[in-house]
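The data below hold one chain only, encoded as structure tokens and taken in the form predicted on its own.
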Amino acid sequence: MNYKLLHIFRNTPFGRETFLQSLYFCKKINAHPVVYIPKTDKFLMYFSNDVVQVNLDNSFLAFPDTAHEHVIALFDEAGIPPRFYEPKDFTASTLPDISSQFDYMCSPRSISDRSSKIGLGLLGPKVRRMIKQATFPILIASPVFKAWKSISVFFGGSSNAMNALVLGLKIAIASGFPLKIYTVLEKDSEEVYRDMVRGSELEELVDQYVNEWCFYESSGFDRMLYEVPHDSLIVLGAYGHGVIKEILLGSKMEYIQSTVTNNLLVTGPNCRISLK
């Protein structure tokens, strides 16, 4: 298990569902979850272009006496040796620095807002900021544990979308699950998108691992979301171009994250994916 996934543990039934998702993800791609049980309600993550202070919802500090044993029990149930993360550096006594040297990170849709907002499909501002700055993909867990059995890559032709395609192929190779590409045609024809792949080093892998490439007219975007299997891991890139989209996730991403309950694996603009 060479890859490491950072998981911030929340000792509640909701947090258990999120951790089950991390365990499942890691088992499928041969990675190892590393669990941080927070002792304070905030921490810092240093990225190359930004420092993100995460203010945790109070539920992350719930029942500290049982948090460790609950994590151990879930590791045992998954058959994975437990591994914990303890911060070594502190910016202040109650402000630990959490390493950003991980390969993946699992996050609920929000880590600093009330659960009532999560139920509405909202993505918290801290999660958005981590997606924007992280050099690794972030797994946005479904509200309850859902085993995924296929991979769906949303490909719109941008550099970020190409990054998502590389990530989708990487997950397909590791998990052995089938992969489909979904593309909404904007102004270009199917051949334009296919040529993007033909002209890349991914052509051979796409021929080998992609079961189907589904195209939709722009008016069929909602139909596409409905036709993506409910138990499929959706892989997509976040953020478009321009000032407004630098603040937001990109209009399509905003709509997708508030509409589907699938697990999402998101690559941000600073995310670098290697097939190795």
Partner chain sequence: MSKLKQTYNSFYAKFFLFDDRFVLMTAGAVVGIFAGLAAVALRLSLATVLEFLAPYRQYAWAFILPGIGALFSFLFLDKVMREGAGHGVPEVIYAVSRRGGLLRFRSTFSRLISSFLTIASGGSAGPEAPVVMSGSAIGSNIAKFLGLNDRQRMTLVGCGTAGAIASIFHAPVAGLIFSIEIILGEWKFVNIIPIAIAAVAGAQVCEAIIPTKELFQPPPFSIFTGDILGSIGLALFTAVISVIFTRTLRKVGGLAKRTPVSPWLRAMIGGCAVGSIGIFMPMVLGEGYHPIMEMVGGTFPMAFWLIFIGIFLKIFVTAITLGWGGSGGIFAPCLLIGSLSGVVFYKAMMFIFPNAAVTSEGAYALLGMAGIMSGVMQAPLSSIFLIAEITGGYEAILLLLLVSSISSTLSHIIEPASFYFKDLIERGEFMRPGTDARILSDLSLNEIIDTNYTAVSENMVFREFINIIRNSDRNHYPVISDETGDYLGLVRVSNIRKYALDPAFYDMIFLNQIMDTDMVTASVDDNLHDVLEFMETFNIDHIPVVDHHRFSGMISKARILDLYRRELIMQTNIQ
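Positions refer to the first chain, counted from 1. A quick note: this is a predicted structure, and the numbers were derived from the prediction, not measured.
Beyond what is shown, the protein has a form predicted together with the partner chain; the following relates to that form.
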| task | Would you kindly say which of S218, N49, Q208, T66 lies with a heavy atom within 4.5 Å of the partner chain in the predicted bound form? | result | N49
| remark: Among L95, I173, V192, A147, just one has a heavy atom within 4.5 Å of the partner chain in the predicted bound form, namely L95
| Partner proximity in the predicted bound form: K126 to the partner chain, non-hydrogen atom cutoff 4.5 Å | yes
| Interface membership of Y85, the partner chain in the predicted bound form, 4.5 Å heavy atom rule | yes
| query | At the 4.5 Å heavy atom threshold, is D41 in contact with the partner chain in the predicted bound form? | reply | yes
| request: Spell out, yes or no, whether the shortest heavy atom distance between E77 and the partner chain in the predicted bound form is within 4.5 Å. | output: no
| request: Choose from 87 to 95, 175 to 183, 196 to 204, 161 to 169 the stretch whose residues reach within 4.5 Å of the partner chain in the predicted bound form, heavy atoms counted. | output: 87 to 95
| message | Contact check in the predicted bound form: T12, I37 and H70 versus the partner chain, with a cutoff of 4.5 Å between any heavy atoms. Do all three pass? | response | no
